[in-house]
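So this first bit is one chain, no partners, the form predicted alone, shown in structure tokens.
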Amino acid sequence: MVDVGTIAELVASGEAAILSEWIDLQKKVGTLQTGRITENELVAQSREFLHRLRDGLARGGSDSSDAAYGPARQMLADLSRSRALQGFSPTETATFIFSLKQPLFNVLNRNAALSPVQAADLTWAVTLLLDELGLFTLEIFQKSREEVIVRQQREIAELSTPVVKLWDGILALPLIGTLDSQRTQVVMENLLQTVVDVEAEIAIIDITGVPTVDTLTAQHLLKTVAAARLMGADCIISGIRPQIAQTMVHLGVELNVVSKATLADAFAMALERTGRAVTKRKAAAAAAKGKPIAGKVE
């Protein structure tokens, strides 16, 4: 293993020059142009990491997995997670590490006490070390981005599956987008909880916003219907368009549940099942004046 103690000494003695050159390189690639980080923050992060890298070089050599690099790796992990949340790209995040190569190489080349062979060996050791730390940074960044995406998908699924109370004992669940297993679970949980909360008798599942219904989607719908029935609520499916109806017939899909073409038709049926009816109010005065006649539910 190459003795990189010399690099640690050079970093300590030439910190100001290294830091200045490193920050200039980060500025050139547009790190500050994103508007997600200030120059003071960039300087503070760069200085702190340079100190931790120097300590790692002094005590752990060029092995980035050594415990001496623990503080440096922890800082890179925190920085990667933070930048993933801030919306930095993988390239912008990795540049934090890889842009440090040139300042370190320049320090080695300016040291007249090193022979060409020593300088070459130390340069190669630094290259491998920073490459390993850069890959570690990207791995943490990618994991953090995946966690953000999964959380956003979960939040979007919850927001896109509202359960609406149409009338006493009647709920509507308008679905928009494709149904998959994960989203079906969210739909089912939201619907069942609302059924319990409002003691609903009828739940209308409106699929007007579902682009297509295949065998898998039908299975997800049937699971939701079955779960609602177990909680004491009957279900009506509305919004089956002609194209979807034809597709379901071709696929041999049977929902085995009452369905209506529109939400209005489903609502009328739900009112009828709960002993209500939609009628027009008799308002002779309003009719005489040419005003529209409102409706009411009895």
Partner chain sequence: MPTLRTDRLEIRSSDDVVRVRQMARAMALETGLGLVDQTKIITAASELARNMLDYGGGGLVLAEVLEQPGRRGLRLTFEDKGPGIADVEAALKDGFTTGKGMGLGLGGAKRLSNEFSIDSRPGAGTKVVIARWK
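None of the values given here were measured: they were computed from a predicted structure. Think of the rigid core as the biggest set of C-alphas that the two forms share within 1.5 Å after superposition. Residue numbers count along the first chain shown, from 1.
One more form of this protein should be noted, the form predicted in complex with the partner chain, which is absent from this view; the next part is about it.
With the partner removed from view, the residue among S65, Q243, N40, Q33 that has a non-hydrogen atom within 4.5 Å of the partner chain in the predicted bound form turns out to be Q243.
Only one of N109, T212, Q74, T91 comes within 4.5 Å of the partner chain in the predicted bound form through a heavy atom, and that residue is T212.
For the partner chain in the predicted bound form, the listed stretch (244-252, 43-51, 269-277, 231-239) containing residues with heavy atoms inside 4.5 Å is 244-252.
Taking the partner from the other structure, the partner chain in the predicted bound form has a heavy atom within 4.5 Å of a heavy atom of A218. T178 belongs to the set of residues with a heavy atom inside 4.5 Å of the partner chain in the predicted bound form.
The partner chain is not drawn, but in the predicted bound form it has a heavy atom within 4.5 Å of Q153. The two forms, fitted on the rigid core, differ between the shown form and the other one by 2 Å or more at the CA of R241.
Core-superposed comparison between the shown form and the other one: CA of Q33 displaced by less than 2 Å. When the rigid core is held fixed, the Cα atom of K143 travels less than 2 angstroms between the shown form and the other one.
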